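Coming up is one lone chain in structure tokens, specifically the form predicted alone.
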Amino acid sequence: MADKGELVLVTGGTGFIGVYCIFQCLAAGYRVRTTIRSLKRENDVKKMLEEGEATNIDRLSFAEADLSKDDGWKEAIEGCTYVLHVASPFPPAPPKHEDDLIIPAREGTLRVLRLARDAGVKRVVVTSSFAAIGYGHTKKIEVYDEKTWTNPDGPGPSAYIKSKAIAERAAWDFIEKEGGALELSTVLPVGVFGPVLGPDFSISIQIVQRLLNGSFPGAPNLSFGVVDVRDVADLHLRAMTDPKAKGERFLAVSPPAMTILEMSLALRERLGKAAKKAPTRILPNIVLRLIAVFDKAVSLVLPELGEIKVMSNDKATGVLGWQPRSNVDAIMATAESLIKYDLV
């Protein structure tokens, strides 16, 4: 491993994607600084990295910064060659007002870009989301790819989906109008799975967790694009350094999309007794609607009932040589790690 010497800022170091980006930047020989909302969480990040057997943890430093405030961001970005802007607010339930999500996501992204430009950063990679591609369309989309944009004013997008689409649009507008020499790439993951390193993980992981612990009496009639968190981090590094990634969006998905029933049956087949509570039949839609009355996290997915979206990763694989794990392997890695940490 070469010592690259360059400093990379990873925002949102306690997050599931953030900690894997730190992991892979350290492994690639970079020095890494990460922002966390409170320095009290420094040991949490180090513990997750140690669980993953990270190398070079001594090359990691911390800065305290919050998406909703100016404090600390200038100092965090100073001296960095690259910025991976991973941090973004994700609500456990729909917010009272959509602006509670949209404004921090948009303004947080613009603050990072503005300060990165002023500090002479070479390239920023913004973690967007399939949420900025796959929603609000009035016409059927045959295949979702990077050319597709969510319409925040169209039918159906939740506050979170709007926040991701609006923040990414704002980023590209900033680069075009006032970015100067700063380069931008964006990575747009679908549902992020893969090995957890402790109790901090993406909301997608809860699907596997609930399948294993018997929370679902049946499999909700939903499907998701799947991608392994390790491959999402790998795509961030490729987007950060490859000259061909400048000014480009990359959809992070390992097709095809999987229904929750397919996930459940795969768990039962691969894990045997450990997955004995995983359902073998589809849950009627009306039951899920009743559950959503009491569980706000479930209410977020109701518009997706019965819909299967076809997604393409041709750009990431063709332009950047990205090779993601299979969707089933990502689900299995999730399940095995949840069992390991006794999180089911």
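Numbering starts at 1 and runs along the sequence shown. Being a predicted model, the structure only gives us computed values, none of them experimental.
In what follows, reference is made to the form predicted together with a small molecule, a form of this protein that is not presented.
**Q** Since only the chain is shown here, I'm wondering whether residue 37 would be in contact with the small molecule in the predicted complex (any heavy atom pair within 4.5 Å).
**A** The answer is yes: residue 37 has a heavy atom within 4.5 Å of the small molecule.
**Q** Residue-level question: is residue 42 within 4.5 Å of the small molecule in the predicted complex, judged on heavy atoms?
**A** Contact check for residue 42: no, nothing within 4.5 Å of the small molecule in the predicted complex.
**Q** Taking any heavy atom pair closer than or equal to 4.5 Å as contact, tell me whether residue 65 reaches the small molecule in the predicted complex.
**A** Contact with the small molecule, yes.
**Q** Although the small molecule is absent from this view, report whether residue 87 comes within 4.5 Å of it in the predicted complex, heavy atoms only.
**A** The answer is yes: residue 87 has a heavy atom within 4.5 Å of the small molecule.
**Q** With the small molecule left out of view, choose which of 211, 167, 190, 233 has a non-hydrogen atom within 4.5 angstroms of it in the predicted complex.
**A** Spelling it out, the residue with a heavy atom inside the cut-off is 190.
**Q** Please identify, from 268-276, 190-198, 142-150, 174-182, the stretch that has a heavy atom within 4.5 Å of the small molecule in the predicted complex.
**A** In the other structure, the partner sits against 190-198.
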